[in-house]
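The chain below stands alone and is given as structure tokens, in the form predicted on its own.
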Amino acid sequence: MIEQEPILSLKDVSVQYDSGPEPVTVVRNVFLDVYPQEILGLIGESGSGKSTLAYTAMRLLKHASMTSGSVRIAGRDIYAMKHEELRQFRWAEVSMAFQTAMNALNPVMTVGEQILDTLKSHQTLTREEGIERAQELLQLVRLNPDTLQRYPHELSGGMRQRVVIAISIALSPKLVIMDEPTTGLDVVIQRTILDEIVEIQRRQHFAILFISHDFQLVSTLAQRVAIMYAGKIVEVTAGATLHDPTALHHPYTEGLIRAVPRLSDDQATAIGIPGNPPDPRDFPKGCAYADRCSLVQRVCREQPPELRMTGSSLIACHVVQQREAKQYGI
């Protein structure tokens, strides 16, 4: 995988919101690659910058701007594209399954009209060809073709989410960004939709950037997982290492692992992470996780750690990097 060129490449990306008396930086110096045909999970607490990063990758930011870095998709700099070029590029090369399907779908258009609108804005099709393709897409996500005649409010939450996924793959893009695609759904429907996503991805060979705050869900779905905290990537690791008790991890990642509920004979237990993420308007000088970390040292408060290969993962932590160095006598 690492010998391939990435389908999505974020280099030193920082983003600030322009609302309020002063601009506020919410994404800081992010480096992240997604490779062809892989599923990369992006995990973090609410407010960590995951969705902002996704909208940055799609060039869909509102009341915000990318202040540094570059975004390349399929080898092309999307921030260098003109409006019409970008409009054609989106959905044909990269698409997005948005959070909360009811808000993503137009309430006054039928499902069929919305799929046809996506197809005909990029391809020359007769109405009959478009309807045939729309029916194929619904069958891919296990919906009855009759759904084409229905409005979003007539569908269940799970059905609406399937429609959003169908639209996101309509033009066979190389990359699909999925932003919390199962939020608000019950566990059974969630699992069903995830299984369908994996099956479709295997058949159509696109890459997925899968964004969620659900650690357990992403750790079982993705080949690689990026952990985001306070607008920064603090770890990139193989999904399998998150279930390996011997693997080295960032303290925040360790906290997420401990926070997953575990069933015992008489009760479910989970250990939460104390404290809160830092206010982006008053960002700390050193490590953003220092105030919540049980391993904190003086250097953590004075110098921000760099993302370095540590063990089998990329980790931004002074203490973990020191431990590995001592272990191997570096």
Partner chain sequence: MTQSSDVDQVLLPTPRVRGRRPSVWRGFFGNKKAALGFGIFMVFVLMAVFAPVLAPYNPQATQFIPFQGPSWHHWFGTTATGQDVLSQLIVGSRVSLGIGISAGIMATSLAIVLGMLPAYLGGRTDTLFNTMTNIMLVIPGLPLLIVITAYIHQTETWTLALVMGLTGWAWGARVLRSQTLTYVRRDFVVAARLAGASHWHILIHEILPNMLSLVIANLMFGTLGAVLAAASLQFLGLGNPNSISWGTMLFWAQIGQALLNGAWWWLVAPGAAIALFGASMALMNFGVDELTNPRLRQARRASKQFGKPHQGRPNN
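Numbering follows the first chain given and starts at 1. Just so we're clear, the structure is a prediction, and the values are computed from it rather than from any experiment.
Although it is not shown, the form predicted together with the partner chain is what the next lines describe.
Listed residues Gln297, Gln303, Thr67, Ser70 were compared with the partner chain in the predicted complex; Thr67 is the one with a heavy atom within 4.5 Å. Residue-level contacts in the predicted complex: of Asp33, Glu38, Asp291, Glu45, one residue has a heavy atom within 4.5 Å of the partner chain, and it is Glu45. Proximity of Gln216 to the partner chain in the predicted complex falls within the 4.5 Å heavy atom cutoff. Although the partner is absent here, Gln16 lies within 4.5 Å of the partner chain in the predicted complex, judged by heavy atoms. At least one heavy atom of Gln190 is located within 4.5 Å of the partner chain in the predicted complex.
Interface membership of Ala54, defined by any non-hydrogen atom within 4.5 Å of the partner chain in the predicted complex, is ruled out. Figure note: of the listed segments 75-83, 199-207, 140-148, 239-247, the one touching the partner chain in the predicted complex, with heavy atoms no more than 4.5 Å away, is 75-83. In sequence order, Pro274, Gly275, Asn276, Arg292 are the residues of 274-311 having a heavy atom within 4.5 Å of the partner chain in the predicted complex; the partner itself is omitted from this view.
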